[in-house]
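Next up: just one chain, as structure tokens, the form predicted on its own.
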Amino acid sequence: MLELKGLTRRFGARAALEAVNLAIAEPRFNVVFGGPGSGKSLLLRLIAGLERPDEGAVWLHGSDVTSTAPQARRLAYVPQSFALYPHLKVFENIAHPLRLAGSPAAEIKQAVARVASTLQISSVLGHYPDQISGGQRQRVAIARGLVRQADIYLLDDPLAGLDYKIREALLDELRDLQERLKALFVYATSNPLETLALADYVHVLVDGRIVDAGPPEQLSGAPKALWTRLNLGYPLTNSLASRLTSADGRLLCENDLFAVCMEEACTAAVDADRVFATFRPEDVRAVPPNEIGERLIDFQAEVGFVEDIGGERILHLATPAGEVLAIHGLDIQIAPPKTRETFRLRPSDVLVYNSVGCFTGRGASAPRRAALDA
């Protein structure tokens, strides 16, 4: 059980973390997702006891540990930096936390062998850090953090800077490790793909505040915060400046590209002239010639740069409302660049957020042309 109650940390007049509340009561893989400077690393350091909050408390297993020393919290902490001791061999680098804790030699040997085997670095235990690859050094840093038997494992963006193949392999290993240990993991990252690959549950941190929380499928579907909608996923979600009007008694979201009737349950925005219509690139489909899309959103766009990402292509479309991204499989025929094509959206794929970034509602249907012209 991990619980944060009103956790606040200030540096001068600036609140780096402000009134953070969260509770985790089961062994799962939790990801704290946020951009650079959002407070992710600071949050983990406060949980670990390496920093003290100005306000609020950290509770572990029903006890307030805000003033408890880090070594007494039964936490394992993996920092972002390698920070390996160059004069110590890999074995001693991993064993260092256990030696500081005064663990018996036999226990140290067994623990190092266990974590080294898990992270596939058993063959380099006798090497110095400058004799192994960057990926292996990162595994050693992770192993040093995980070698202690702990109730909660804190990992501060440990895969940052690694190449793609090494990162993919370590993602699988970390996920498997959490399932084997049946422990609570809290993993901080600014990488949306890592978040979606690892998380059982996501906490979205923006400017020191948690603005969204939930399972990844919920947050990648219909999050309550615009920041989550725009940043959790790849390619990034499209967002068009829009306005709310009414037609035939229906709430209408309009922009320079299309209009969409909103669901009946939608609420009026704080500022009806400044809302954001958002939709995923994978929801933008090319329309075959002469196909009729009754009550769907059709719009014209000029095909610009086409980005090949392996089995799919990202299309950069020029529209009157600005650039729009679409993603298509290689089996779909797309006109060459500088060609105008018709593209289509389902109204329900359009999510609207108000001027302060809060979810307002979802599209329901495309308006009748007569109503739109009126």
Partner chain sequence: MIGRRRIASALASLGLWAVCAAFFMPVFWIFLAAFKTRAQILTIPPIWVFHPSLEGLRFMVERQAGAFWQYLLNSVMISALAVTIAVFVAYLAAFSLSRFKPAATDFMMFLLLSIRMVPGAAVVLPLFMMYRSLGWIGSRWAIVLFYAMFSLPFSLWILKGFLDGVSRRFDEAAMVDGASRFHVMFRVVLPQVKPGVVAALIFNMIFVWNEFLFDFILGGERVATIPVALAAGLYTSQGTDWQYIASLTLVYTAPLMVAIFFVQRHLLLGMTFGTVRGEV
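Numbering follows the first chain given and starts at 1. Throughout, rigid core stands for the largest set of C-alpha atoms superposing within 1.5 Å between the two forms. Everything numeric here is computed off the predicted structure, so don't read it as measured data.
From this point on, the text means the form predicted together with the partner chain, which you will not see here.
Here the marked residues Q71, Y77 and A83 all reach the partner chain in the predicted complex, each with a heavy atom within 4.5 angstroms.
Interface residue among L325, A321, A48, L60 relative to the partner chain in the predicted complex, by the heavy atom within 4.5 Å criterion: A48.
Proximity to the partner chain in the predicted complex, defined as a heavy atom within 4.5 Å, holds among H96, R250, R175, K89 only for H96. Proximity of P129 to the partner chain in the predicted complex: non-hydrogen atoms within 4.5 Å are present. Residue contact with the partner chain in the predicted complex: R144 places a heavy atom within 4.5 Å of it.
The shortest heavy atom separation between R137 and the partner chain in the predicted complex is within 4.5 Å. Interface residue remark: R148 is counted as part of the site for the partner chain in the predicted complex, having a heavy atom within 4.5 Å. Heavy atoms within 4.5 Å of the partner chain in the predicted complex are found in exactly one of 97-105, 229-237, 188-196, 279-287, that being 97-105. Remark: with the core as the superposition reference, the CA shift of P281 between this form and the one not shown stays below 2 Å. Once both forms are fitted on their rigid core, the CA atom of P129 lies 2 Å or more apart between this form and the one not shown.
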